[in-house]
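Quick setup: the structure tokens below cover two forms of a single protein chain, split into structure 1 and structure 2.
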Structure 1
Amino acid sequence: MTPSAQSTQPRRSDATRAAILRAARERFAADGYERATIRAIAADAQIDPSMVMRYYGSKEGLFAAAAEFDLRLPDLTSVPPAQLGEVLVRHFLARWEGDETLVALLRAASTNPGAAERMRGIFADQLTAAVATFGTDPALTARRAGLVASQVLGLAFTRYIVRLPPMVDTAPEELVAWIAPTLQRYLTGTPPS
């Protein structure tokens, strides 16, 4: 076979990866992250479990590659500028409380480079786009979004992963009262000189 013919035909590894991802998506959707196993996913894909580990390294790496994540950010153009921080804190608390896939991705991102890259991409793409909609200086949009992400991810990590008692025990309304002013400053405050 010529080199050009080889490059136009799909490799077996591509088909194997696709089968693994398809099986993983179905298994994670059916069983959730915690109950899904590499063995079950491999059986669904009709391959040996070692192949899953070869391509994805761990359950966390597979999950990061397979799962679809949408932050479902609110339309910030309809939010009064003085309420942006509050709206985002409320939104993120609701998302983290109601979606085990985001918590699983955050857990995976703390130890798996592929999952960390996925988390960066999600926040960079989705949050930066949302921050850009309310008229921030384009030169500062990514910085503002990054600062918001640092606060939101820190909250999620301490509340849902580490389960730091003061963070777990604090009612969502109180968390909003504490964190919203910080996000508001990140979103609309005057940048340091």
Structure 2
Amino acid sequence: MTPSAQSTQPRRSDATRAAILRAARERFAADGYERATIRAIAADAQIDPSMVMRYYGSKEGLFAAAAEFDLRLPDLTSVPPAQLGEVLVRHFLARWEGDETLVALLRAASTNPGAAERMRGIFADQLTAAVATFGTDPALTARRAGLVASQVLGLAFTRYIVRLPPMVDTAPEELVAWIAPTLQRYLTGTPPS
């Protein structure tokens, strides 16, 4: 422990590590897991492919590091219950437009089992936990969270992956207006008979 008494002293290669991670996220988001090659990522980051192996061990390890993600869901207990749906869609849409990590994860989850597992974790843990904070019936929270995930992921899939023209061209605010009632019902609606 030489200069600063931090638990992890800053390494000289941090810039390189960050460049690799940034390039990896771009490539994974644009091409998916298998088409995104280590060589292409290294070229983008202007370093040698072997550095990727040194710092992240393997392609799987690189993806695991690049796909680290937090939904950053707001505290739903401080949201008026009638606006839960609207708040959620707006949050997801903003989170998706601002960070390509989720697109990378979404693309990779279709073919890579590890990515699917990670996606399952994110939505089963973070989203379910958020729904549980205000839910009444614990037996239904998982199902409500799953339904919300189905609509939110469907929105992302059609807008960012398949790029269905109507979903790409529609303004975010209009999407929010259409989809918010759906999430609202999934979250607080009475379950069907």
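All figures in this text were calculated on a predicted structure; none of them were measured in a lab. Only the largest set of C-alpha atoms that superpose within 1.5 Å between the two forms is called the rigid core. When a residue number appears, read it as a position in the sequence of structure 1, where counting begins at 1.
- Legend: structure 2 corresponds to the form predicted together with a further copy of the same chain, while structure 1 does not.
- Neither of Val89 and Val52 shares a rigid part with the other in the motion between structures 1 and 2, based on the superposition that better accommodates each C-alpha.
- Comparing the two forms between structures 1 and 2, the rotation angle of the smaller rigid part against the larger comes to 80°.
- Look at Tyr56: with the core superposed, its C-alpha moves 11.0 Å between structures 1 and 2.
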